[in-house]
Ligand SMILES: C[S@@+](CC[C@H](N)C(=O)[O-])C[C@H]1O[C@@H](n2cnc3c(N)ncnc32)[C@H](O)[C@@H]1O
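We begin with a single chain expressed as structure tokens, specifically the form predicted on its own.
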Amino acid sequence: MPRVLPEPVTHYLLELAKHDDPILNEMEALATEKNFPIVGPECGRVLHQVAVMTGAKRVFEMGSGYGYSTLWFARAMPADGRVFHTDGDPANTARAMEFLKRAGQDSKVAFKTGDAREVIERTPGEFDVIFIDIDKHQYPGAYELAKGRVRVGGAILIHNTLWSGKIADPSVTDKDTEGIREYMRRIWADKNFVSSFLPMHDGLGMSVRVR
């Protein structure tokens, strides 16, 4: 994923985010090898922080890949917490199950294969955190599904809000870029949320439900 921050800043943030976790290191190496998009350790730390800050016991991921973000969430949660992992590819689900089992966190994860939008609709209850990282043209619809499902005091997090810088270029009007823009317009205007934007990695949006 191309970075939009100046190289010295990117390097500094990556250095701060370094860890010695062997499973996360393996997952990061696999992402590099396969050119598979993950949130990276900078955003991973924020996911972990938000889960701790909200006292999260129920997290729903709309798009989980092979479980990199899932592991960051799971490690922040108590033994009776639950992360709902979703991915449309059974191979990704199987790989995520393997990684999370080796990390000793699989008992905290409900693995779901299918369209995340359909899975969240058939999963009852409120969530402490909802993380959105699906196809970008689907972001406005994801907002509509998520806005009423996160509890007051909980948070919606969304990845790729910079979209390699395309989000700020008015000449770029493809459906994915427009999907991110429309999501941002909707949730920033929603008086039930207070939203902010973290320009790390490829951008991370954070919206806390206040009423």
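Given the structure is predicted, the values throughout are model-derived calculations rather than measurements. Residue positions are given as counts along the sequence shown, with the first one as 1.
The same protein also has a form predicted in complex with the ligand, omitted here; what follows describes it.
Between the ligand and the residues 180, 150, 39, 51, the one pair within 4.5 Å by heavy atoms in the predicted complex involves 39. Contact between residue 88 and the ligand in the predicted complex is found at the 4.5 Å heavy atom cutoff.
Heavy atoms of residue 154 never reach within 4.5 Å of the ligand in the predicted complex, leaving it off the interface. When the ligand is considered in the predicted complex, residue 128 lies well away from it, no heavy atom lying within 4.5 Å. Though the partner is left out of this view, residue 135 does reach within 4.5 Å of the ligand in the predicted complex, counting heavy atoms only. Judged by heavy atoms within 4.5 Å of the ligand in the predicted complex, the contact stretch among the candidates 88-96, 74-82, 120-128, 103-111 is 88-96.
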